[in-house]
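Let's start with one chain on its own, the form predicted alone, as structure tokens.
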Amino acid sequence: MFPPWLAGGLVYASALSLTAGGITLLYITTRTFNFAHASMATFGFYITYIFYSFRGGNLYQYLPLSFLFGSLLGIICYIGLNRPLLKRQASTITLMMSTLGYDLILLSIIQMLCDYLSYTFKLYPRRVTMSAFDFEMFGTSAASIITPLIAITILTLLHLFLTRTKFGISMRASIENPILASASGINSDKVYLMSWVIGGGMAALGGAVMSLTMTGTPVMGMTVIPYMFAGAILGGLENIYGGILGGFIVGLAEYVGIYYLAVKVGPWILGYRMALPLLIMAITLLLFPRGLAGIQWSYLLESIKRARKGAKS
């Protein structure tokens, strides 16, 4: 159904869309760039790997557990670090550095966990190819079909939560105008906590999905954190849907775009694979500083129509 390069690109893009969406959600609610997203994503992979190693079955059935564990990590980060700093009116730099410290703690725990799994259960958790445990569906890898559906489902549920539930509407009000929302009696602390629950869950779920298209290691999250932020920035840091779209575009650009260039230019271009999504982000922001979400699409489409009419005449 899909060639290998496109199948891997869909899985990778779905993973980045989830992680980038989590970064954007946390930023627009708490003004915090969560660098702990890296190790949260890695933990999501290891939760799936551990349960599959000991219980077997279908690896996709353990993805919800990865989401829940990521939510727990988000709660710990907010209650232990973010909330006390917010009460002290800490600067955005202080909040950002606190999440970096939390990330280093999580990374140390991951390393100890890998040692424990290696010495106690004789597993090999430092280099795991989760795609080897996948199965075929319609002539292609199941991940290339299931993971985009997961990303779409998460986006749909998040949209319904923010627009159809009372707490979700309160949460959206706090995002759009925190001062007015606080004056209206909305509990900002609960909004921040829920943001960390959802954001941490999306990070871990994205990491579990990502391990289906790249080698899972203790530093897997560290290697892709720049592209998580690239997706969030490309989509626009003021819109969670833009962050999810930006993550998907960055993921496809890195996988599919470099394959296309390798065919047209030559295989030497593969060494610049990691630079391609960052280049796309830079060019987009030069043209549209607020990212994709800041583009006035109706005005842009109208301008294109006018230009076409002028060219014809």
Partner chain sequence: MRNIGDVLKQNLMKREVIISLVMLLVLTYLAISLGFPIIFSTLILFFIFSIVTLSLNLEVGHTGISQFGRVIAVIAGAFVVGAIPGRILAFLYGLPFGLEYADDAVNYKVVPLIHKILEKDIALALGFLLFCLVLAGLSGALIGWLTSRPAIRLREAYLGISLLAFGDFFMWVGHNWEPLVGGTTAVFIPDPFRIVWGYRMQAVAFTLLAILVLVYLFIERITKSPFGRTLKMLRDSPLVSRVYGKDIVKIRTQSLVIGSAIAAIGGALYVIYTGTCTAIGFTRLTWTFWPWAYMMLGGVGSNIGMVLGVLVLTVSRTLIILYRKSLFGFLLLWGIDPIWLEFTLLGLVIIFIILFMPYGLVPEKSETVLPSGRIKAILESVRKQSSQTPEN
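Numbering follows the first chain given and starts at 1. Quantities reported herein were computed from a predicted structural model and do not represent experimental measurements.
Unshown form predicted together with its partner chain; subsequent notes refer to it.
With the partner omitted here, the residue from Ile146, Ile186, Leu104, Leu72 that has a non-hydrogen atom within 4.5 angstroms of its partner chain in the predicted bound form is Leu104. Between its partner chain and the residues Phe35, Tyr60, Tyr49, Tyr255, the one pair within 4.5 Å by heavy atoms in the predicted bound form involves Phe35. Using a 4.5 Å cutoff between non-hydrogen atoms, Val263 does not count as a contact of its partner chain in the predicted bound form.
Contact check for Ile154: no non-hydrogen atom falls within 4.5 Å of its partner chain in the predicted bound form. Contact check for Gly139: no non-hydrogen atom falls within 4.5 Å of its partner chain in the predicted bound form. Using a 4.5 angstroms limit between non-hydrogen atoms, Arg126 touches its partner chain in the predicted bound form. Partner proximity in the predicted bound form, defined as non-hydrogen atoms within 4.5 angstroms of its partner chain, places exactly one of 163 to 171, 200 to 208, 118 to 126, 187 to 195 at the interface: 118 to 126.
Across the proposed site, Ser108, Met112 and Leu237 without exception bring a heavy atom within 4.5 Å of its partner chain in the predicted bound form. Counting a residue when any of its non-hydrogen atoms is within 4.5 Å of its partner chain in the predicted bound form, there are no hits in 239 to 256.
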